[in-house]
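Okay, so here's just one chain, in structure tokens, the form predicted on its own.
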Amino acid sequence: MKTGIFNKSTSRFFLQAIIVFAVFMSLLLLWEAISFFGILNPSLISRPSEIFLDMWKLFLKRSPAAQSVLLVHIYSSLYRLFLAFSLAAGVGISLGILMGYSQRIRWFLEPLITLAMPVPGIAWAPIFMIWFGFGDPTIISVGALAAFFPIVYNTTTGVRSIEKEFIWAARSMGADRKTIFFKVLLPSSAPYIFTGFKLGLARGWRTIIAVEMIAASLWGLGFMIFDARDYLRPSIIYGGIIILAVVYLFIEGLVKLVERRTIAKWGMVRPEAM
């Protein structure tokens, strides 16, 4: 039974990957053809062949530490995302569980969170730049703030959605609070938490790249794109945008992999629905 589900899930994953790759390559070929016949202005919209050539040159170019410049840009952004998301997840899940458990805590915190949530992450950047200056502290703090809201809201919803009868049944069988948390509360709210993770990652990634454009001192994909604008190199800008999309595609793929190993294994969702 498990083998059949695994094969079906794997086949669907590869089929989806092939379709996405085919559509992506078709768009690139169409883009290249339109550029070749001079329909697009090459000084404003670079050809895909030029984009990939400049990305390859950037990959081969070495930093002062003898590392690939392109990989250092990618690593810097991912490093900031990892720290920002870890901070947002730790605080967001903790507060979300408390807000889901306690009506008083939810009554106190929910208006504050609702008031701050609509403010774009980039709007907080000038304030954090005054507090922390340029560099990682500002970028990571703003990214964590942006990722925090989806996580705390989804965690709260997940905890509140648990049927009270499940908790009563666990208590009647002698389960203590620790057992109820790990055996009832966490598995039941996990689908909501993972949804918050994916929304938080997407929002945090966008915000970090945006803040890198104004607060990064040297490295990061946002800095790379903004720096290319100053030197009128649209191929680097388009290449950076493509890399942003591809990198996040891999990030979400890792999150889905963890989902399959947890909530699908626990039976909280159907494996074929993921």
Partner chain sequence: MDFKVRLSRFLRFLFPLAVCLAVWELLAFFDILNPNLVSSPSRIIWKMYELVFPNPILLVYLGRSLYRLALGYALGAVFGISLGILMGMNRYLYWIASPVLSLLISIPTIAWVPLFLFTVGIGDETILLAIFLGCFFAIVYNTMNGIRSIKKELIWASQIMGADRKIIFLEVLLPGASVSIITGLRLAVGYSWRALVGAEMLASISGGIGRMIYAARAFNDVNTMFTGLIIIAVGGLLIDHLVLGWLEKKTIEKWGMVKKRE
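Owing to the predicted nature of the structure, the values given are computational and were not obtained by experimental measurement. C-alpha atoms forming the largest set that superposes within 1.5 Å between two forms make up the rigid core. Numbering follows the first chain given and starts at 1.
The discussion below concerns the form predicted together with the partner chain, not included here.
Of the candidate stretches 238-246, 47-55, 32-40, 66-74, only 238-246 has residues with heavy atoms within 4.5 Å of the partner chain in the predicted bound form. Contact check for Trp107: a heavy atom falls within 4.5 Å of the partner chain in the predicted bound form.
Using a 4.5 Å cutoff between non-hydrogen atoms, Arg229 counts as a contact of the partner chain in the predicted bound form. Although the partner is absent here, Leu186 lies well away from the partner chain in the predicted bound form, with no heavy atom inside 4.5 Å. None of the heavy atoms of Ser94 is located within 4.5 Å of the partner chain in the predicted bound form.
When contacts are defined as a non-hydrogen atom within 4.5 Å, all of Val23, Arg206 and Ala210 contact the partner chain in the predicted bound form. Along 90-115, residues Trp107, Phe108, Pro111, Leu112, Thr114, Leu115 each place a heavy atom within 4.5 Å of the partner chain in the predicted bound form. Shown in the overlay between this form and the one not shown, fitted on the rigid core, is a CA shift at Leu40 of 2 Å or greater.
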